[in-house]
Structures are given as C-alpha cells and as structure tokens.
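In structure tokens, one chain follows: the form predicted on its own.
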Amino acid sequence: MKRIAMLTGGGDAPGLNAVIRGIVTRLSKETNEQYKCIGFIDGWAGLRDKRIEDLTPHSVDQILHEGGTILGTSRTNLYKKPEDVQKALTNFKQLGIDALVAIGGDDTLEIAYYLYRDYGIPAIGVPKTIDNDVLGTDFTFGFWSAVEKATAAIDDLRTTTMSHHRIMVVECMGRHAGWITAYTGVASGAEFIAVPEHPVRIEAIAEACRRARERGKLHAIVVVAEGASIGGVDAKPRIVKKEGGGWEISEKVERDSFGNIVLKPGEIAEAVAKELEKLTGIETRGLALGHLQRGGSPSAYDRILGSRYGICAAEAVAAGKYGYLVTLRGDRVEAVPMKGMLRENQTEKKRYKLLPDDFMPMAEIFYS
C-alpha cells in the first residue's frame, strides 16, 4: 500500500477542501494500487514538525461546501533555515511517504519544486490563490469565490452610498496583481478601477467621480487594489513601469520571507478617500474588504474546479508524474512540469501572472 501525503500552504482560499476531497476520493477508487492518504497539519510546518492527520473517503465526504481548509495552513518557508529542510526530509522518510501533493500559491509550490529538484521528493503541485497570479494556469480556484464575495459586498454598499450621496472607495486583495479588483469593479459597475498593473493619478479618479455627478449620479463606487500605484496619494507605489515596456515590483516595499510585498490593509482605500474628498468636495469613505473576500463557502465554480484539480493530482500520483503542476488551460485540466513555472531560487525576482494589458481599456469604456 502506498502512502500519499498532502498539505495546504499560504493563505487559505475557498475550494481547498474540494481539492483534498478530490484527491482522497479518486485514489480510493484506483484499481491498480491501494493508497493510504494523510494530511500534514498547517502546511510545511506540519511536515517539519511531523504533525499528521489520516484522511479517508468518509472523513472528506462532507467537506465540499466548507471554506478554508480542514488541514490548516501557515506561511512557512522551509528554505529559510537549512535545519528545517533536514527535519522535513527526515520526517518524510520516517513516515514512509511515497508521494506528496502540495496545494498552495507560488510560495508553497516553490518549496515543493525545490524539494523535488534538490532531494528527489516525489511532489506534485496544485495551484491555489484568490489572487489568480500563478503562472501556467488560466485560473486558480478561490479567485471566483473572492470576486463573488467582493461583488456582493459592493452591491450592498451601493445602497448606503446612494442614500448619503457619497463616494465609496473599496479596497480589494490581490497584492501585486489586479485580477480581483478588475473583475469585481466591472461586475459591480464601478465608476473607476485602480489596479497595480495600470498606474494612475488621483486626479483621474476625481475627474471620473465629477463626471458621474454631472450626469446626475449622486454617488460613486471606486474599487482599488491593495497594491495599486496611485500618484498623488500618501501611499508607496508597488508596481512601476519599466523602460521599454512591461512592469516590475517596486523595490521600495517591505517583503516577507518569500519575497512578497507586505501591505497594510486599508492603506490605499483611506489614502484615496482622503484625497478624493479634497479634490471633489464630495463626502468620501474608504473601506477594505480584507479577509472577507477569502472566507465563507466556495462558489459552485470553485467547488467544481477544486474537484477537477484534486482528481488530476491523484491521477498524476498514480502515473508517477512527479515534479508536475496541475493546471487549467482553456477547458482542459492537465498536469505539466513545474520547471519554468516557478523561480529556480529565492534570490530571483518573483514572476507573476498579471492582468492582461487589454483588460483595463475594456473596463474604462464603462467609466462616466
């Protein structure tokens, strides 16, 4: 009997439990080999500290609709300390694990790839993030749930904004990527959308709000990304345009152990609201949706996508496709080599899948 382990790392996302359920259920029906599934508790910390939980078809049968992850998660970077890598390798061997499925964003996936590349750990990656910024896959599960939650919140906010004839500045998650903000802004009919990939000036946002009022619209919704670069406000730029085209992460930011920019929730929303009120004379409020976007039950789409990812990961285990990443390309879910999708080492600049260049010009058609 082969022993298969899985873990969920990084920020949680709706649909994680669907992946776990898909892996365990599919492997339980494999006819050529018998499998026993276990989960490491709290991501890579669980492998380092040897904390496990048995997973059976019965134990995962009713978790499809649940948000978060039954295995817990953490932002643990094993490669920051050589002794942590050695602990993980020792535990992996002592537990007699035959394959490991790592479910997470680029940080979690990088550790899985490094362990496979450097030590031959039979690892398979499943991309997860509400930010939708992992290279190689069209969509990550969790993204659509976050967009649905943010859109619903703005629908509710619009009624109070209309009642008070205010401007409401709503901040969405996404770090360096504008996927959630852009999709939410279009879905909610926002008067302006500010994303990291498309730096703007505060005056442009103010002008859009003024035009809306001149047309008789006595309120306005402005949707901004937490990592947006907006000139003229008291907040550091996060994404800067490179000479010759393209974008890069600003060096003037605080970073975590994986090299990700560290953002202060609500900073952009409050800064934009403050300046907009000065420029327009219209009462303005700022609100950060924060972790509400990643909480609650997954959308139907993410339940299905997570299930498909889990089944594909299980089939990759059965086929011995180690060092592979599960991806969605068009309508097809398939496993492809991780090499080339992730950084080769943590001294390189991180690479992200950012919002396409043609999205914002489309969105701007709907501005006042």
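Residue numbers here begin at 1 and follow the sequence given. Owing to the predicted nature of the structure, the values given are computational and were not obtained by experimental measurement.
A second form of this protein, the form predicted in complex with a small molecule, is not displayed here; the remarks below concern that form.
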Next on the checklist: Whether T129 contacts the small molecule in the predicted complex should be assessed with a 4.5 Å heavy atom distance threshold; does it?
Outcome noted: yes
Item to check | 4.5 angstroms heavy atom contact with the small molecule in the predicted complex for C209 | outcome: no
Checklist entry - For H198, is any heavy atom within 4.5 Å of the small molecule in the predicted complex, or not? => result no
Checklist entry - Does at least one non-hydrogen atom of G185 fall within 4.5 angstroms of the small molecule in the predicted complex? => result no
Checklist entry - Which of these residues, R215, K93, H291, H164, gets a heavy atom within 4.5 Å of the small molecule in the predicted complex? => result H291
Checklist outcome for this item: Per contact check vs the small molecule in the predicted complex (non-hydrogen atom within 4.5 angstroms), the hit among 112-120, 185-193, 129-137, 152-160 is 129-137
